[in-house]
Ligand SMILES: NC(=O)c1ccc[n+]([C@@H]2O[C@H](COP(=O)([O-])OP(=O)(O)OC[C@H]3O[C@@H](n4cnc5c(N)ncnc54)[C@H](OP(=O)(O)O)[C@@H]3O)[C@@H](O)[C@H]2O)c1
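Before any questions on binding or motion, here is one chain by itself as structure tokens, the form predicted alone.
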Amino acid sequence: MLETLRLDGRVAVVTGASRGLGRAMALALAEAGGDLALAGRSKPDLEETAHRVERLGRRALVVPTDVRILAEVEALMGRAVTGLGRLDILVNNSGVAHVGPFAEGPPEEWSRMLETNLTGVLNGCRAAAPHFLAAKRGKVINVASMLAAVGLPHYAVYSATKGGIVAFTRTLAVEWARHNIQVNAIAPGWFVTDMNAHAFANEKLRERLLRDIPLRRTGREEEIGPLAVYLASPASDFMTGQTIYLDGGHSAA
């Protein structure tokens, strides 16, 4: 049974791999046997992720990429294929957030979130499409958010981008099913990362957020890795179009 979770000989592209959940998923894929093309905008942080992948005995390419620009994402996929030999797995993880009252939100922040969080996912899938369709196989893991299902003040546009990812995942999965390409999403709840560390540094706000989580704690970065490995592996070949909420029960409460 455990052999179906192995990724030996497979190549994955992970965007937003420079830190946080992206780095955690990249390292889990490497530990399962995969080679990695690591994308993001911070080259030094990507290089640190690459060093950790290589310490696990796997190959890693560092490819600084702005996921908002299709040509750069297409170049990323090309580098993965030429540098690592193939493309099997795509993890669309890049994301940004601007927190604040919707009526006061600057339009340029709306555009930045839409272009990074949602257009970035579309660009990833569009750029990977020729490789997956030609091979008649592929695994796509889109990273959404628990906030696609739960309303929280000051996160209106961010939540809209993540809800769009859920809908896109469902529909593309149906379209690509006949090509043996599985498209699923992970919707994390509260994990303390660089993006939200300021909120959890406020003790009163931290207590408020934890009250909504039945398990009464935040997620640990290493807890997302096994789910990413499952969705990237042959073990999930009969699962497609699904969004899995990894949120301590928040979306179920």
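Remember, predicted model here, so these are calculated numbers, not experimental data. We number the residues from 1 along the sequence you see.
Another form exists, predicted together with this ligand; not displayed. Remarks below refer to it.
Asks: Scan S159, Q182, T116, T169 and let me know which has any heavy atom within 4.5 Å of this ligand in the predicted complex.
Replies: Contact check passes for T116.
Asks: Just to confirm, with a 4.5 Å cut-off on non-hydrogen atoms, which of D212, D66, E223, E31 contacts this ligand in the predicted complex?
Replies: Answer to the contact question: D66.
Asks: Just one of 132-140, 95-103, 82-90, 173-181 has heavy atoms within 4.5 Å of this ligand in the predicted complex; which?
Replies: Selected range: 95-103.
Asks: Indicate whether this ligand has at least one heavy atom within 4.5 Å of a heavy atom of E203 in the predicted complex.
Replies: No, no contact at 4.5 Å.
Asks: Against this ligand in the predicted complex, would D194 count as a contact residue? Criterion: heavy atoms within 4.5 Å.
Replies: The answer is yes: D194 has a heavy atom within 4.5 Å of this ligand.
Asks: Look up in the predicted complex whether L231 has a non-hydrogen atom within 4.5 angstroms of this ligand, and give yes or no.
Replies: No, L231 stays farther than 4.5 Å from this ligand in the predicted complex.
Asks: State yes or no: in the predicted complex, is some non-hydrogen atom of L21 no more than 4.5 angstroms from a non-hydrogen atom of this ligand?
Replies: Yes, L21 is a contact residue.
Asks: Taking this ligand in the predicted complex, which residues along 118-149 bring a heavy atom to within 4.5 Å of it?
Replies: If the 4.5 Å heavy-atom criterion is applied to this ligand in the predicted complex, 118-149 yields V143, A144, S145.
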